[in-house]
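Form predicted on its own, single chain, as structure tokens, below.
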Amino acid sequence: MKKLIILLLISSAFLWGQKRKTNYVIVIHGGAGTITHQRIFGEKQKEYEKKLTEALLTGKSVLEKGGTALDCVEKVINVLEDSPLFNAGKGAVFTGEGRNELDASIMNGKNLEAGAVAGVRHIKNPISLARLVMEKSPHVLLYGAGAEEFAKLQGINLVDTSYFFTQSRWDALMRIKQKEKMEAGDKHGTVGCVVLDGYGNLAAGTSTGGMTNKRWNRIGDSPIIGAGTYADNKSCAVSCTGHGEFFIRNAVAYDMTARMKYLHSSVTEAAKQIILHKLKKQGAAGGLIAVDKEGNIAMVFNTKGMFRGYLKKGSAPVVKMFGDDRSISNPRK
């Protein structure tokens, strides 16, 4: 009996090892905007770099333990949602009415399943609820009170709206209200993650607090599958950040995969054509991160900077934020 059990264990380990054929890759972003050396330096720069590195190492831990791309995307984004540094979760910006309305989406490249939530006000980690929508409901996108009712049914504890208050985001709203126009420097902060796991599967996720001073329950591209998020094992996984209306009109995330499938563009070529040419001509600011089925990555933006980073199996995490890439590439050294 003991010999049989040992043989079964060896056989299972062998089969499991056979399935893990791919070196994993994790890519993240924390939003694009006026991210310059003049605005972010010293201790503030170190704070961002430390948090981005923590997110990447969290993802590494998930994948090293045999976790899937979906598991990795969710846990990485949870780290960024729990930080007040980014416009997602704890650091979400305020609407014109002084509320926090959060959006998120997640997609599985293996089977094209997707889930999203929009306009939620009591959900600590919207990306986790988006995954539950994908896995525990027949729907893709749930909005507002309905999404939160679904969250209760799934056993998620709702938080009081005071949880999302941060003084810096409130001050940003006050400045914008006074000027009656959007400041470019307050647009960055949406977070995202794309992953190629050890099983060769892709996944993508995006989470945001939206646009400061937004009105009338405006929803941007982040919770829209094909606009702000997309993943397909046949091409790539994508997460976008920037002026959402333009990303929706151009179906940017899906456009990435279409260019790769139909034009046979590389992941970098596709990203550059969309962000640096198509969107820039339209006056749209933003960027995207992507990883293809071979593990090639793209981190392209047309703003002055984008919080971003990546980690490949066997390598140290790399984090950057400025357009000239002079930020620390590996804070752990």
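Each residue number is its position in the shown sequence, starting from 1. All values reported here derive from a predicted model rather than from experimental measurement.
Form predicted in complex with another copy of the chain: not shown, discussed below.
>> Can you tell me which of 122-130, 135-143, 78-86, 199-207 lies within 4.5 Å of another copy of the chain in the model of the complex, counting heavy atoms only?
In response: Of the options, only 135-143 has residues within 4.5 Å of the partner.
> Would another copy of the chain be touched by all three of Glu113, Ala147 and Glu245 in the model of the complex, meaning a heavy atom each within 4.5 Å?
Replying inline: Yes.
> Is Leu153 close enough to another copy of the chain in the model of the complex to count, meaning some heavy atom within 4.5 Å?
Replying inline: Because a heavy atom of Leu153 falls inside 4.5 Å of another copy of the chain in the model of the complex, the answer is yes.
>> Residue-level question: is Lys278 within 4.5 Å of another copy of the chain in the model of the complex, judged on heavy atoms?
In response: Lys278 belongs to the contact set for another copy of the chain.
> Looking in the model of the complex, any heavy atom of Leu173 within 4.5 Å of another copy of the chain?
Replying inline: Result no; Leu173 lies far from another copy of the chain in the model of the complex.
> Quick one: is Gln282 in contact with another copy of the chain in the model of the complex, heavy atoms, 4.5 Å cut-off?
Replying inline: Output for Gln282 is yes: heavy atoms within 4.5 Å of another copy of the chain.
> Though the partner is not shown here, which residues of 46-80 have a heavy atom within 4.5 Å of another copy of the chain in the model of the complex?
Replying inline: Read in sequence order, no residue approaches another copy of the chain (within 4.5 Å, in the model of the complex).
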